[in-house]
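You are given structure tokens for the same protein chain in two forms, set apart as structure 1 and structure 2.
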Structure 1
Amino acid sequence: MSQNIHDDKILILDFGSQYTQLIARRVREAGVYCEIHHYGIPAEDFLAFNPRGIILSGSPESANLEDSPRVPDYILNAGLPILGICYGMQTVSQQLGGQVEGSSKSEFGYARIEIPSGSVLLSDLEHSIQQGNVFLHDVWMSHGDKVTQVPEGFKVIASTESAPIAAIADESRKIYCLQFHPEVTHTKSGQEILNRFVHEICQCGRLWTPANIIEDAIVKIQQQVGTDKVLLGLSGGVDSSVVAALLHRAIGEQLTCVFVDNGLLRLHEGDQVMETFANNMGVKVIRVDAEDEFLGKLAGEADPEAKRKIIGNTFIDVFDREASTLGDVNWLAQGTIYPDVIESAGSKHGTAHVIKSHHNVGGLPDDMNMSLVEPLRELFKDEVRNIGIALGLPHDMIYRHPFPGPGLGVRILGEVKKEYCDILRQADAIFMEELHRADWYQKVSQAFVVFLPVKSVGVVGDARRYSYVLAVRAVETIDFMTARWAHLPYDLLETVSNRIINEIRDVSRVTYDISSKPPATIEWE
């Protein structure tokens, strides 16, 4: 590469919006690297990051309160292009001498904005309707407060009936502010707006591509590990599979994959992993049967956070033993991705609330004998999949539904037992088979079955059955930061339920989880 793919980059300041990760994904879809940082990023970190432009996220806060989050003055005065979204618009307006007030009429959902001609950011968008010198465009609003007076030097570049100041700009300073959300798909030309900002206004190139990311990762891996040996815990999921292919291309025989059959995997998964990697890809894979060790350490433990840490620590114990057997292994590779870091409050400033610890972020012991290699740590799931396809991995492998690192350990509520694992494995296999048969597997982003440690009365034939309850879960999502429960056809759900109850004698009842994220998480634990 003639240029570092991180040179042209955008800084996203997070004020607590549920859409912040979507902003980042859209910027990267535009071929530009970006990072999310807390709005209070220290000046030295801001200068070291050296962005070409700044995007300010929305927020549940109100900009007209005295203790509201603010953009640091050294960022407002840095002379860089700024795009304020929703709260970002309001706080910029307030800080630069404008006025923000609570509105008697909130806007949540679709709105049609009027855009006068001449706006660099908004004029003549692809999905606009032109009426004379005005463009009409459908956008997505989500706000209660609104700007009622623009700061000096700004002009109004969009309006609605209830929000006459729906977008403003000081084009001499390259500061643009939008009351609506261009990052959500409901804003029809949202991607085009963000493209204009990062490419035309910030002058960023399109360096963030799968091919460039792979080349950059290979160079960094080679620089990081040198001639050392690397051990990868291979689960067969998308993330670890892409890491395996990436490391194999970067360091070849220096890589040894350890596939730990921990008794918490899906039906026949161990055999499938070995067939795919060892036999078809030529990757060196060692299979370790550790079911008794994992289940033994999990015995009696019902707390989900404790289970995650037990599983994570046990993985490291196994890897340490295998590394000792192999000799001179200094590095442990992992498939950690950006959402793992965010949800584990692992961001640099640590201001996020811990939702749940990921075994490969929050569950690693301090005295681990190996250093970490995490080549996917700054990537979202869709970017990981794109990388996998570019590396030549099979489509079915790359677009297989995500499977959590702790496996069935977090899909069994309460204590984990082999009996529960066996029941869950069979039920999950039935669910996957029926999703494929009905052509719904690729229409949902993730689907699985959850074991509930309660029993319910059922009737099978003329006999009473007092057996376990299972929950079926399927969601639709783009980034796994937010998700909607999948509206599966009733006849499909009926078929799944009937098969599970008829084919697994230890199950008497099947339920369907209709919780979205938020407020629920995708996994139950």
Structure 2
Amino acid sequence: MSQNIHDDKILILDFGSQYTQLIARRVREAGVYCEIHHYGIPAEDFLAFNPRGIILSGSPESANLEDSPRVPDYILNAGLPILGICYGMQTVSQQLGGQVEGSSKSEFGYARIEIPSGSVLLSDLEHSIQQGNVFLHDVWMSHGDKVTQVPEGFKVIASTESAPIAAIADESRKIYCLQFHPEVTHTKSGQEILNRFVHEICQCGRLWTPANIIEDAIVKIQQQVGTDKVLLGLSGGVDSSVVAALLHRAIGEQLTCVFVDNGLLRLHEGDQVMETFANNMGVKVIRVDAEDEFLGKLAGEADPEAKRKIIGNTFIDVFDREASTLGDVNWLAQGTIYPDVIESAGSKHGTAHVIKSHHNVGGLPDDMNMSLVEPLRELFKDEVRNIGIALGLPHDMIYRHPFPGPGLGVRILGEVKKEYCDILRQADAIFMEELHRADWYQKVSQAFVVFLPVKSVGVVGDARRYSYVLAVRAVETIDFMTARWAHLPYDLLETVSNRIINEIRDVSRVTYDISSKPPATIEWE
């Protein structure tokens, strides 16, 4: 790697659009590093960031009000290429002397834009259709206001019937504005448009690749920790697994992982983690068998919040104990990823510096006296997965559904008992096996089984059976904030139900959860 992978970078100014992170992910997919900052980023931070170009996000705001959010003058006049998207287009137009008006009807959904030839950004896109000397292209619109008068120096580079000014450009100043959203996949050549902006217009190279990211992270980790020892709470989830693999490659023996088996894990989970990291990769992993401790503390507790607290606190106790036994450890590694960083910055009202660090392992005590090493802080989840694969982690581990920190503790309603955990583990394994077999595992975002501590009557052979009820749940979601119950095929559900009831004698009945979020949550507790 001859060049610093952060040399060519794009600044994304966030005006509050629901699509801002998507813009960033697309820019990264183009092989270019970018960061999201609040639109009011202070001048000194902007200068220090030193981007090759700027992208302005959309916004729920209206651009033609007195106190509408604006692009700071030091950014607008910096002489750098700018791409304004939706609100970004409207505010640039307004700020440079054009006009924006509220529209009586908002435009939402597909629109076919007409692009005259000769536009660096939009002409002759792969998915456009040429008609005479114009190109037709389907894009995704989502806006109320629109530009009605183009600022001086700009020309129209795309139009639709209802929005004659759908995209504008001042090629001499390299300022481009789109009313539509190139970041969403509905805009067929959206990625190509963003590629052109970052590569051709901003002249950024394709430095942001998994191999380069790994190489860069390794050097940084080595510089950061020197010859010190590093401790990592390994859960077996994607983020902590990738951190483990990355740190192991960077500092080898200096890394010690602690894997806490709390008795609330999925079938063979502990063995798999040990197999992958300790046996195959040679990572130093301490497996702490803390099942009795966790289940002992949970005994008699039925309240969901109290259970979560007990699990979280017990985790801290166990981890703390292991850390002090090890002694002489200066660094605590964490799997904080970029969306956590953005969220923390957002909750601080968009100031440029991020202060709060997420404690992915469940909130570690402040008095541990260790500094943090967080090698995934700049990465989106899909990038974490890509580097995990590049580091040689098993595909199944990297693409596994998310699993909550409190584990089966929130999937056993009411009091947690070992007997219930064992039933649930078996049922969950059957469900996963059948999802994989039917090729449905990757089509749903999360799937699991829930243990209901009620008994129902069944009949097996000639015998009456009076045993537990399980609920099977599978959801589809993009962000886990909202979710739809997955419409799994009846045949698959039938197989899952039959197998669970036949193979686990303590279960008499299986139900399928058809609740979406909201109003239900994904987990039952």
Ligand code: XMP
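For clarity, a rigid core is taken as the largest C-alpha set superposing within 1.5 Å between two forms. For residue numbers, the reference is structure 1: its sequence is counted from 1. Quantities reported herein were computed from a predicted structural model and do not represent experimental measurements.
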Does the form predicted together with ligand XMP correspond to structure 1 or to structure 2? 2
Rigid core fit then Leu11 CA moved by 2 Å or more between the two structures: no
Core superposition between the two structures, C-alpha change of Leu488 at least 2 Å: yes
C-alpha of Val219: shift of 2 angstroms or more between the two structures, rigid core aligned? no
C-alpha positional change at Val288 between the two structures - rigid core reference, Å: 2.6
Inter-form CA displacement between the two structures at Lys297 - rigid core frame, Å: 8.1
